[in-house]
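Given as structure tokens, the chain that follows is alone and in the form predicted on its own.
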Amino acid sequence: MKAKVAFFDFTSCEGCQLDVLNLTGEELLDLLGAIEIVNFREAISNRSDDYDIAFIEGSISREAEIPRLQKIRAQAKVLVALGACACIGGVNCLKNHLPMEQALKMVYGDAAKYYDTIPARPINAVVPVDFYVRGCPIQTGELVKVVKALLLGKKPDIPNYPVCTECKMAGNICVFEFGKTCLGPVTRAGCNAICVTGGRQCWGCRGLVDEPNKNSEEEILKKHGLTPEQVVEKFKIYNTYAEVKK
């Protein structure tokens, strides 16, 4: 029997789910040949609460989302966080630097009283998460690899080394040499250094490696006349939750 899979969205742009729908060719056939999607609001109208694997996109930013997520966790044998918002809180956590009343007022103006919000947080701040598919948006090849590993009862082989390693393999010139501030030295790889290869810099959307080499990062910053404070500002874009939590 095929494993029953469900996709759910919380506070997010739903771009990671859109990338799932953008799977093409052999990747899509491999995925559909091994699973049965029973709940996916963006893709199908029929919905079932009978599923084995749940993919969650989005962070938690309202009280009402907490019991809903807990119910999904209770049903799913395996729960996978999908994308930066679900994995590390993502850009939604930028509001955590403000009082929640002020954040609501900035977004909704006089209608703020009709809405509620709480400091945004990743999925694992509410329920246990079994596996992660990181990035903003996700890498579809990594998603397929994770699904295949789960179906085989194996632990997905996800990189735990920095983006710098992939940058060197791609033959990129370090963006620090161009006067940019890059988070690649301490950000988890797995994206094939897509942003740097595309002419930009790493923004840290995949979160930190488990044991970031802070000393190396500081040496790089010192070499290029930058300060740790300047890097912290860059981290706020995706990693505010980890920063504020500390």
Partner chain sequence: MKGNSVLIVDDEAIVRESIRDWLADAGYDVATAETAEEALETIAKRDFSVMVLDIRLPGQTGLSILKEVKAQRPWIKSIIITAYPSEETTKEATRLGAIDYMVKPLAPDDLEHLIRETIESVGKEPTVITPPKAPGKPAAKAIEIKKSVVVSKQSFKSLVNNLIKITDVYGVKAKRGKYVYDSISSANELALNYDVTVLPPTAYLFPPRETILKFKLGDGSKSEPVTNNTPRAIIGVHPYDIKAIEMLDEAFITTNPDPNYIARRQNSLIIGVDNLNPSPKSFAPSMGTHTAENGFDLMLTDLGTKYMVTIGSKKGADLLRKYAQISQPTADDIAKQKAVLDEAQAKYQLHLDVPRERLPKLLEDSYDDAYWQSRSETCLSCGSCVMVCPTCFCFDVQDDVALNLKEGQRTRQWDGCMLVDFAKVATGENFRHDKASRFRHRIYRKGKYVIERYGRMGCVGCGRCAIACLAEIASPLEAFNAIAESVRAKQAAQRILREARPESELYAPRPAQLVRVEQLAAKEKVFEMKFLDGKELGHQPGQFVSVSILGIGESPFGVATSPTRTGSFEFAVRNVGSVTNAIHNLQKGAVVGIRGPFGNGFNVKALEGKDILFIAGGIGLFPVRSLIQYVMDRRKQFGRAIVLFGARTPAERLFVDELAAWKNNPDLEFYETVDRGTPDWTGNVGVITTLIPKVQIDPRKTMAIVVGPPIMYRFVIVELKKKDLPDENIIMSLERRMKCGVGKCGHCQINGVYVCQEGPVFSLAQLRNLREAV
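Note that the structure is predicted; figures quoted are calculated from it, not measured. Positions refer to the first chain, counted from 1. Superpose the two forms; the largest set of C-alphas matching within 1.5 Å is the rigid core.
Note that the form predicted together with the partner chain isn't included here; everything after this is about it.
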### Query
So in the model of the complex, does Ala74 come within 4.5 Å of the partner chain, heavy atom to heavy atom?
no
### Query
Taking heavy atoms and a 4.5 Å cut-off, does Glu211 contact the partner chain in the model of the complex?
yes
### Task
Verify the contact flag for Ile66: yes if a non-hydrogen atom of it lies within 4.5 Å of a non-hydrogen atom of the partner chain in the model of the complex, no if not.
no
### Residue contact check: Gly135 to the partner chain in the model of the complex, 4.5 Å heavy atom
no
### Message
Pick out the residues of 211-229 whose heavy atoms come within 4.5 Å of the partner chain in the model of the complex.
### Response
Glu211, Asn213, Ser216, Glu217, Ile220, Lys223
### Query
Under a superposition restricted to the rigid core, does Cys191 display a Cα displacement of 2 angstroms or more between the shown form and the other one?
no
### Message
Aligning on the core only, does the CA of His224 end up 2 angstroms or more away between the shown form and the other one?
### Response
yes
### Message
Once the core is aligned, does Gln70 move its Cα by at least 2 Å between the shown form and the other one?
### Response
no
### Message
Closer or farther: the C-alpha atoms of Leu221 and Lys234 in the model of the complex, versus the form shown, with a change of 3 angstroms or more?
### Response
closer
### Query
Your call: Lys168 and Glu219 CA atoms, closer or farther in the model of the complex versus the shown structure, by 3 Å or more?
farther
